[in-house]
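Let's start with one chain on its own, the form predicted on its own, as structure tokens.
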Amino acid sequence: MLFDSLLAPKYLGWLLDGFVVTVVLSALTCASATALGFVLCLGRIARSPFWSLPVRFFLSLFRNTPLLVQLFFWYFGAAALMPESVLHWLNQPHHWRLPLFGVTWPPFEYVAGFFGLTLYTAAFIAEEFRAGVQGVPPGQARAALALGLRRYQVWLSVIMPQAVRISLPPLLGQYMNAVKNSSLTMAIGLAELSYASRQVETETFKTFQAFGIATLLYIGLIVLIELAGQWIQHRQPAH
């Protein structure tokens, strides 16, 4: 009876494949959203409205519309706006052979999910960075300028190290959200962990096992992010 309740290796393989897609998609999203969020933060705090106003509009748009709607736009709306030749190229398999490894172009639903998750997550990360920058006492920047440092040196040596330290806990929260939000890409057909667990449940009717294993995998990934964040925080010098 115990073995009858377990999933066959075939279905465990489906869940593992979906988990790999979730991990890779989440990692790419977090890295890209962090870089884009930092650039958006610089635009958001810029004194010139030429930079700050477009960024404010971007942040307001992506923070205040549902992620699922954004994913549908990138998958259905953006596809409708693309030239037929471009869309055809995106949907075709491509493989490039590099010296050490090969690179395969992902399916269109993966690309759409990546863009949707990255832009959505970057909008929140930009605000976390902005809060971190504003948390640095302004007097420190003025003191550094008075000592003869250039403005970019002040940013690199004084403001950014402290801003990143202040922003780290909420940034980790956004990374965890990115992992959880990746499950919404199943709505556009991406075979990530939630999609795979739904497939297993449909095939086997073992709802508890399929979604139970998926839940444990999600929890394990979140715990790893939490432990990595604690390790980074403990290694930071005390101030």
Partner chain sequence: MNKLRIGFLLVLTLLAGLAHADRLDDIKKAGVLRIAAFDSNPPFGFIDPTTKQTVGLDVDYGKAFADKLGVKLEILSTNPANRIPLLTSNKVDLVLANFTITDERAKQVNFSIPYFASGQQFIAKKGVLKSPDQLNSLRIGVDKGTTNEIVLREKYPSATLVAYDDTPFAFTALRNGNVQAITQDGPKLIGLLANVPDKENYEIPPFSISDDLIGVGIPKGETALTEFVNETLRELEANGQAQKIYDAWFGPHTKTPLARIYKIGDKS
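Positions refer to the first chain, counted from 1. As the structure is a prediction and not an experimental result, all values here were calculated from the model.
Beyond what is shown, the protein has a form predicted together with its partner chain; the following relates to that form.
Closest heavy atom of R198 to its partner chain in the model of the complex, within 4.5 Å or not? Within the cut-off, so yes.
Check S48 for me: does it contact its partner chain in the model of the complex (non-hydrogen atoms, 4.5 angstroms)? It does not: once its partner chain is placed as it appears in the model of the complex, S48 has no heavy atom within 4.5 Å of it.
Interface membership of W14, its partner chain in the model of the complex, 4.5 Å heavy atom rule: Residue-level check for W14: yes, a contact with its partner chain.
Using a 4.5 Å heavy atom cut-off, state whether Q134 contacts its partner chain in the model of the complex. Output for Q134 is no: heavy atoms all beyond 4.5 Å of its partner chain.
With its partner chain taken in the model of the complex, which residues across 167-202 come within 4.5 angstroms through any non-hydrogen atom? In sequence order, M186, A187, I188, G189, Y195, R198, Q199, E201, T202 come within 4.5 Å of the partner.
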